[in-house]
Structures are given as structure tokens and as C-alpha cells.
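Just the one chain here, laid out as C-alpha cells, in the form predicted alone.
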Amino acid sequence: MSVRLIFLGTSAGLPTVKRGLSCIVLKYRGDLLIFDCGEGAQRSMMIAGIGFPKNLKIFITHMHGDHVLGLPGLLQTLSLMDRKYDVYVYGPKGIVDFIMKVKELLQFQISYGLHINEVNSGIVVEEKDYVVRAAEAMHFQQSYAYSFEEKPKPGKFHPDKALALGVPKGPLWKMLQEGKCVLNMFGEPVFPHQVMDPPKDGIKIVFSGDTRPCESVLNLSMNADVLIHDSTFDDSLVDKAISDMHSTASEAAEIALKANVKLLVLTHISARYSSSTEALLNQAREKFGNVIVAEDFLELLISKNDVSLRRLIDPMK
């Protein structure tokens, strides 16, 4: 099973002609997960042809405007579309007050069940096939990085091994494939690892949010297939990165190297790089080879052994 990752907003602080404010969409099976919801996110979703499925979850990294001001508009749009399925919002302290106060001031009704949750480090969501974890990042205010982690998939089942161990074809085979121990025809236990290959790791994607390089984000990123990291500045502005609590491209690359990730995606790009992101890319590649710079409407199709890229649209046309 592959994961679709669509970048809808990749700018830092303020939008540019080419870049909207922070928003990344992850599509997995029938679920839609939105990470941050900057101003204009709902329109970008429509332009990209992203629908609003039954299972919709929104994760906010922190309560800065360029990451959260699109959320009230999205929630109201869903209501105007007469949505009936529940929506789940997760974020740092303040997310509940923010949504409820905006709802009260704007006096709009919600047509669906809205569940707002303030998160802590650890597992935030657990579904049948994946979990979402949070780890506190290093920013001016409480800020979280998130990881999407597909659960391990069972290894290949070997019928010949089961038969050789005295387990006849039938319901016992299914139990073994579900990870359960069974008794063979002689009353002896047979364990799944005796008849199956080791489990296969699932896909792991990490969203750093706004952050300085820090141990918690590094640990969350370990062995990720894709790390999407704050890369607001190039190395010549490292002092500004420190004072503004952001990361440079090469600092993001150091995290990717230490965490043994497969692909690093630089995002949250300062408007000063509107004409070219070459400096960011080159500085990152000096420390970590497999790097790209995110662009609005860039889509990644991620499988365990491959990542393919395509542009959904050109925002300049």
C-alpha cells in the first residue's frame, strides 16, 4: 500500500506568488490527514482535486497564524457542504479555545461532529493500519512534530511449514497469520514465527513543524522513509534561524543523516528565496544526498521501496 503526500503550502510566515502557507495532505486508503492548515488551505485542496472523505483528521503543529488561520474557514466550508461525518482536530494547548472562540464570534453552525483534542507527546491516533505520534519540537511556543507510521505487515505465510509441523489447512492457518499460537494435531504449540517470514516494516513519514534541530524530533525521525523538515533559512542566516527558532537547510540535513531517513524534504521556505531555492538545496546536499525542496502542488507517491514525484499543477499558470 502506498501513501500519497501532497504539499499545498510550503512558505514561511507569509505567502508568496508561488507558495501558500503551511499545509500538507496525506492520503492513506480511505483516510485524509491534514498537517497544518494555513490561510487558503481549503481552496488549495479544491484546486488539487482533494475531496473530503468520511475519515478526516487535522493535525496542527502550533498556534502561529501561518499554520492555523485556514482551519476556521475549512471547518465552515465543510459545514456549508452539509457534511455529516465527524471531523477530528488535534493540536497543542490553545487549539480548543481558538476554534470555539472563532466559531462563537463568526456565529457559524457545524453540521457534523467536531472533536477537538489537545495533544501530548506519544501516540495521538491509533487506527487499524497506522498510528500518528507526536513529539514536542523546539519553537517559541508549544509546538509538536508528528509522525505517520504504517503498522508492520505480516510476513509471508508458508503452508508447507505449517503442514510439516502438523497444522492442517483450515482455520488454524488463519489464526497463525493473525499472530496467534495454535495447537497442532498432536496437541503441541506452533507459533507464527515458525511458519511465517518476519513482519515487514510499514511506511513512516515525519513532519517537523517549525523547530530548531532537537533531540526529540531526531528520535521521532529515526529510520523514516520521508522527513519533512523546517528549512526556513540558508546557512548564511544561521543566527537568524537561532533567534527565530527555525532551522537552516544544512541543519535539517544533519537531522536526516543522524536519523537514517531515506528522503529529506525541505519546507517552510522563507519568502527571500522566491526567485531560487538553489542555495538551500546545495547546502543540504553537502551533508545528505537525497534531498528535494518542497513546492506547492508537488505530490509524492510513497511506497516502502520507492518515491515518485509529480506536479499536480503549476501555481504560476
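Values in this document were obtained by computation on a predicted structure and should not be read as measured data. In case it trips you up, residue 1 is the first one in the sequence shown, and so on.
One more form of this protein exists, namely the form predicted together with another copy of the chain; it is left out here, but the text below deals with it.
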| query | finding |
| --- | --- |
| Output flag, 28, 114 and 139 jointly within 4.5 Å of another copy of the chain in the model of the complex, heavy atom basis | no |
| Stretch in contact, per heavy atom within 4.5 angstroms of another copy of the chain in the model of the complex, of 119-127, 155-163, 103-111, 199-207 | 103-111 |
| Any non-hydrogen atom of residue 39 within 4.5 angstroms of another copy of the chain in the model of the complex | yes |
| Heavy atom of residue 97 within 4.5 Å of another copy of the chain in the model of the complex | yes |
| Proximity of residue 68 to another copy of the chain in the model of the complex, heavy atoms at 4.5 Å | yes |
| Non-hydrogen atom contact residue 262 with another copy of the chain in the model of the complex at 4.5 angstroms | no |
| Partner contacts for 285-302, taking another copy of the chain in the model of the complex and a 4.5 Å heavy atom cut-off | 296 |
